[in-house]
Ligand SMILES: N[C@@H](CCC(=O)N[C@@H](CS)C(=O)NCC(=O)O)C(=O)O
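Next up is one chain by itself, shown in structure tokens, the form predicted on its own.
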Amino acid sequence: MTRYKLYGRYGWGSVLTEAQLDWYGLAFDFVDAGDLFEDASARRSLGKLNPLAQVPVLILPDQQVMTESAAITFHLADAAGSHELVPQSGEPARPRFLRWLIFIVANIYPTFTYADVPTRFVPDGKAATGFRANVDDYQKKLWRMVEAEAGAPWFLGERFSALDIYIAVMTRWRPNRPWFEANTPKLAALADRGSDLPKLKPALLRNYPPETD
């Protein structure tokens, strides 16, 4: 059986890929990459595969290395021969899907890169605190933009897609679920519906057990 190897960390961004592998029924082995913020040896080890030392890192069955969650999203759809999560060319929903997937990964996702450990970019402690606050505020502004475009019952309307997986996962991160419920209720509702899907539950439970949800 051909298998993938996913380097990740439970609760981190690798869950976006993990959930899609589950969804398509693609066999994979999960490798805990370690705490890439606190463990220099973990960064060095993963850096051999991804110079950014970030997850997810996906090793394909032919041993090619893939990074970048959006690229992996498209590749897995091709590998599975499925359009369940990625609208195909010519499908009316595809332009909106492309726009908002790239918006999320190019604009919102990097706010975690910069604000998770702000002293990596702003060494002074006081300045780093202000930097973190500014990035967090900017992230909220971005999420409100996504909220304004959200359909129902799924982001693209009747059409479920990988966007709904991204929303189900990322609304568990900062600024935290109560903020989303109060400020982006459509996204919070999308996340709740997505989290109840049988194909998504296993990955979500592995990454966010009930006691830490």
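We number the residues from 1 along the sequence you see. This is a predicted model, so every value here is computed, not measured.
Below: the form predicted together with the ligand, not depicted.
Not displayed here, the ligand is kept clear of Trp179 by more than 4.5 Å at the level of heavy atoms in the predicted bound form.
Looking at Leu36, you'd find a heavy atom of it within 4.5 angstroms of the ligand in the predicted bound form. Mapping the unseen interface onto this chain, Tyr109 counts among the residues with a heavy atom inside 4.5 Å of the ligand in the predicted bound form. The closest non-hydrogen atom of Ser161 lies beyond 4.5 Å of the ligand in the predicted bound form. Residue-level contacts in the predicted bound form: of Ala53, Leu156, Leu26, Ile59, one residue has a heavy atom within 4.5 Å of the ligand, and it is Ala53. Listed residues Val135, Ala93, Val105, Ala80 were compared with the ligand in the predicted bound form; Val105 is the one with a heavy atom within 4.5 Å. Only one of 109 to 117, 83 to 91, 122 to 130, 135 to 143 lies within 4.5 Å of the ligand in the predicted bound form by heavy atoms, and it is 109 to 117.
Taking the ligand as it sits in the predicted bound form, the stretch 162 to 183 comes within 4.5 angstroms of it through a non-hydrogen atom at just one residue, Trp173.
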